[in-house]
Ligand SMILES: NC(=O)c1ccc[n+]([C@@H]2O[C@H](COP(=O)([O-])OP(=O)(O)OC[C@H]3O[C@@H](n4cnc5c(N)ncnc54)[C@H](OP(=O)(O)O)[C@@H]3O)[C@@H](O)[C@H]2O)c1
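Just one chain is shown here, as structure tokens, and it is the form predicted alone.
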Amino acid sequence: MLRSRPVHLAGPENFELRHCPAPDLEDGQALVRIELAALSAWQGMRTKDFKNFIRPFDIGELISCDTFARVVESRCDTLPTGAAVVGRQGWQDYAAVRPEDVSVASDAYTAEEWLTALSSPGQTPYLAFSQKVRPMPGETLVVTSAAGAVGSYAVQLGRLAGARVVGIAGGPEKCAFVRDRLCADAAVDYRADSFRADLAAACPDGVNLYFDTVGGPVADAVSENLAKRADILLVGRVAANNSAEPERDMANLRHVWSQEATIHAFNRYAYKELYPLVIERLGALLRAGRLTMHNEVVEGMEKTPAALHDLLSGNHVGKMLVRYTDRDGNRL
């Protein structure tokens, strides 16, 4: 549960572990045991008390997150005992759910696949590219947080579309991951003193499509390299959402205006009716070996707050997951 609000990044000192009885079931409910929890930057953002695209967590509130769980007791015909489900049940061992709270997860995919490639990390770039702006063969696509959960799939999907992909990441190790593991055409370190010069060198013909999950000064730097009539996909605003100054964001619109660029705001939740189709297509790419997962997994619920702090600090690549039980359902 949330114990206090962080000044900077949320960490173990801001949460408390509370012991309470498992919920009693009502007709139409099922009791699920959570096996795997997915951590995301928006959870850290919601620990702070400022207005954003979603309300802050209240003090004493259970921390929400995407989860993979299994039904252990049921009073609901459509959620039989043993069924696997994905939903947003949060940082807890057990939860009482109704059919509208979860989706049944087939055994065709692993728990990690359900929470990464087939969930927000994979769905976000797939939907942004298919519903807003498609990467085109030969054009330059720039992806921020390219070593992160969403960015790593944006890089891969951009490459599959035939675009020339430039990934932006923090530090030499992450840049090497983007270049060598994700096969981006170039990787640029935004922490380097030479960042602006390196970015310009990586985009000699300008940026045709910018997949922006960060905003802030990085977005300003990319705007200086936009090609004529470029497209900007606003997918996330991490620089502003995790700042004590939430208004902090891309400020330099001079180049956006002069290059006649188009800004496209994107929200995955506006396309819920397409989720089944996107899962099917991403699943096919996984099975064909054309899309790969890059996750970091820690074990034990008690480690969840520290894992969130590591995620917010940028101390990882890919998606951060926390395993709560082993394959036999024993708590880790």
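Since the model is a prediction, treat every value here as computed from it, not as a measurement. We number the residues from 1 along the sequence you see.
Separately, the form predicted in complex with the ligand exists; it is not shown, and the next lines address it.
*Asks:* Pick from A163, V207, V218, V86: which has a non-hydrogen atom within 4.5 Å of the ligand in the predicted complex?
*Replies:* Contact residue from the list: V218.
*Asks:* So which of L141, A117, V235, A154 reaches within 4.5 angstroms of the ligand in the predicted complex, heavy atom to heavy atom?
*Replies:* Among L141, A117, V235, A154, a heavy atom within 4.5 Å of the ligand in the predicted complex occurs only for V235.
*Asks:* Please determine, with the chain shown alone, which of 208 to 216, 74 to 82, 222 to 230, 254 to 262 has non-hydrogen atoms within 4.5 Å of the ligand in the predicted complex.
*Replies:* Comparing against the ligand in the predicted complex, the contact stretch is 208 to 216.
*Asks:* Even though the ligand is not shown here, does G11 get within 4.5 Å of it in the predicted complex, heavy atoms only?
*Replies:* Although the ligand is absent here, G11 would stay clear of it in the predicted complex, with no heavy atoms inside 4.5 Å.
*Asks:* Is the gap between L312 and the ligand in the predicted complex 4.5 Å or less for some heavy atom pair?
*Replies:* Yes - in the predicted complex, heavy atoms of L312 and the ligand come within 4.5 Å of each other.
*Asks:* Any chance P99 has a heavy atom within 4.5 Å of the ligand in the predicted complex?
*Replies:* P99: no contact with the ligand in the predicted complex.
*Asks:* Taking any heavy atom pair closer than or equal to 4.5 Å as contact, tell me whether R268 reaches the ligand in the predicted complex.
*Replies:* Taking the distances in the predicted complex, the answer for R268 is yes, it comes within 4.5 Å of the ligand.
*Asks:* So, F15, T47 and M301: all three within 4.5 Å of the ligand in the predicted complex by heavy atoms, or not?
*Replies:* No residue of the spot touches the ligand in the predicted complex.
*Asks:* Along 171 to 210, which positions have a non-hydrogen atom within 4.5 Å of the ligand in the predicted complex?
*Replies:* Contacts from 171 to 210: K174, Y190, R191.
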